[in-house]
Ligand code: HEM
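Presented below, as structure tokens, is a lone chain in the form predicted on its own.
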């Protein structure tokens, strides 16, 4: 019998999947399929050094595992959920009380989503502090920044779905930022909300984004991210400050050395998440009530640093200009800091380590000090009453902060003879710690009326 073109295609596919011939049983066939899948994600061999726990901390793999866990639990939750008000809230109550393991699945989904934000940020920090964003890995750095934004978007859209008071008012506060986008802010806000305010239409819009566009975009970028890692030569190799790149590196096969470690790591984290989900329920307040606003009304915790900026700057500056400048700076980082000699070295050099500690200390002191001064002493609008609010309470304090950063950069450059990469390290560390402190203040130290207060005492009255 003559072979058809389709027969030739099938034979070529078999030869690619099973170069040593077809397996004898289903178990062997499945093993070969899994092995081929693993080797599409990982290189055939990896450096023993790159597998060090203290180098990558397993953050990339943990993020991938969390995404798979979120996808699987999300599908189970979707079966018992209706994206309409007030039925959404009733579905959550039903899920907690009458669906087998319903509350556990919701808890796992909720806490995995929050953990994913933390892990994604830590993974970005690990890549930055080891210099692994530099050419030829700049494309993957840009993909990582994009995935961070998508993870925040996924958490934000999912926050509203329980349709309780906490979710309703957090989204109300969070989406109010859109109105300050120049020219298109109002139209963009109405498009996302499905009207002038948070409503049932908003719930449907957020649900659609949460289960379709955002997860598809994340998984698509994650696949491309893994492919780029292989194309760029795999993970960067860790080195000590005084080591050179000429050190001979021992390489081992991915299967079983790397896969075995990843499996154990994933199982440990999965067990930890399950235990946490069994002990700590996901928050759920009363059903959403547009007529009863909590005091204070706060955005989701990962946006409280941004909400804190709104208390100190004009909304256009605090909500749009500063965050946009930060993320644009992140995206342009590999095109400014291009030195390749210290890739794989944590904190670049001995001096870089000292500057990192110095930047952390300065930010820990100056950020709370700035918040306190702006809360009780600095009255920009009163001092410049004839100036527009955008200038007096926006551009002027922004210029003061920018001048302070420029002076710090010049001081580091002159006093420590720091290189470009060490100066970038210093400023990035200072700004990241500042964002972290602002978030902590927003979570724990803002009380009724968004006034500063000690959590264990009465609110401190501010101007």
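Residue numbers count along the first chain shown, from 1. All values reported here derive from a predicted model rather than from experimental measurement.
What comes next is about the form predicted together with the named molecule, which is not displayed.
The shortest heavy atom separation between residue 151 and the named molecule in the predicted bound form is within 4.5 Å. A residue is said to contact a partner when one of its heavy atoms sits within 4.5 Å of a partner heavy atom; residue 434 fails this definition for the named molecule in the predicted bound form, lying far away. In the predicted bound form, the named molecule lies farther than 4.5 Å from every heavy atom of residue 107.
Though the partner is left out of this view, residue 234 does reach within 4.5 Å of the named molecule in the predicted bound form, counting heavy atoms only. Taking the partner from elsewhere, every residue among 55, 67 and 123 has a non-hydrogen atom within 4.5 angstroms of the named molecule in the predicted bound form. Per the 4.5 Å heavy atom criterion, the named molecule in the predicted bound form is contacted by stretch 56 to 64, the sole one of 56 to 64, 434 to 442, 390 to 398, 403 to 411. This chain is drawn without the named molecule; in the predicted bound form, the residue among 145, 166, 99, 306 with a heavy atom within 4.5 Å of it is 145. Among the residues 229, 209, 320, 266, the one placing a heavy atom within 4.5 Å of the named molecule in the predicted bound form is 229.
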